[in-house]
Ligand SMILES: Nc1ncnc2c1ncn2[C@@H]1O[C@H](COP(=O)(O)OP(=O)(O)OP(=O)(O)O)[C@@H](O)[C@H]1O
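Take a look at this one chain, the form predicted on its own, written out in structure tokens.
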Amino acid sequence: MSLPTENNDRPDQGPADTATLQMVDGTKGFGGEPVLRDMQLRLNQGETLVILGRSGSGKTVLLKCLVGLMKLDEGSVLIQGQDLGSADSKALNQIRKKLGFLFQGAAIYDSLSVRENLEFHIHRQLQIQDDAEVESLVMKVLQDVGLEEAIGKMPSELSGGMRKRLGLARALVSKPDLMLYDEPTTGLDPVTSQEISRLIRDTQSARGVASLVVTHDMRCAQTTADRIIVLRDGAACAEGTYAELESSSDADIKAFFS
């Protein structure tokens, strides 16, 4: 299995101008201890890339650096060709409007109903005030995630899987170019986890967005990934499709599939 830095001629990489998200030579450390080491990452439009790694491998730090919540010590992150490191706060906010996030906890407001959670996001983030337009957006995105019958419910009345669907609906309502998923199946039972994984796959297929999924859930990786990058000690140690990595002779890589 070749390393990502040796994989520049892979046919699925595409030309440079198709990249939605890139990290080049990304290095980040704390207290002199490296967390990311010369990280290379490329995500093309319409592709789902899974970042796979054990706890402590650098997945969370990688995700925060990719969206500008942390700054790299060395290297660069580019979103649609725009360098986050050189962007001021105004430019960074504009870049983030192109992004959709599904956090581990779904990041929804418990004091607002399903409808109100979406309406609040539409009013504040999209600056849309027309009632008819807001209603249309709410109903469309709830249909997309299969949650339209729960429109009047409070978050406390929702199952874990339904809360994830609401979090995804809120992320999708702004029609992002790039979706980022942070451990999207954590805390869910196996059946619900697979439902969310299929929803991620179907969302990418229907909308053609670029998607990055950070996970340690192998079934999620198998269902969603076009490509997988495996992190080990803050570096990309292998890259390929699920089938390619499953047949790897590397003991550490094989351990994920056992």
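Counting begins at 1, following the sequence as shown. Owing to the predicted nature of the structure, the values given are computational and were not obtained by experimental measurement.
There is another form of the same protein, the form predicted together with this ligand; it is not shown, and what comes next is about it.
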{"query": "Segment assignment from 197-205, 220-228, 27-35, 41-49: heavy atom within 4.5 Å of this ligand in the model of the complex", "finding": "27-35"}
{"query": "In the model of the complex, the one of 183, 144, 177, 119 near this ligand [non-hydrogen atom within 4.5 angstroms]", "finding": "183"}
{"query": "Heavy atom of residue 59 within 4.5 Å of this ligand in the model of the complex", "finding": "yes"}
{"query": "Partner proximity in the model of the complex: residue 76 to this ligand, non-hydrogen atom cutoff 4.5 Å", "finding": "no"}
{"query": "Residue 209 within 4.5 Å of this ligand in the model of the complex, heavy atoms", "finding": "no"}
{"query": "Exercise: residue 232 in contact with this ligand in the model of the complex, heavy atom 4.5 Å", "finding": "no"}
{"query": "Sequence-ordered list of residues in 110-132 near this ligand in the model of the complex, where near means a heavy atom within 4.5 Å", "finding": "none"}
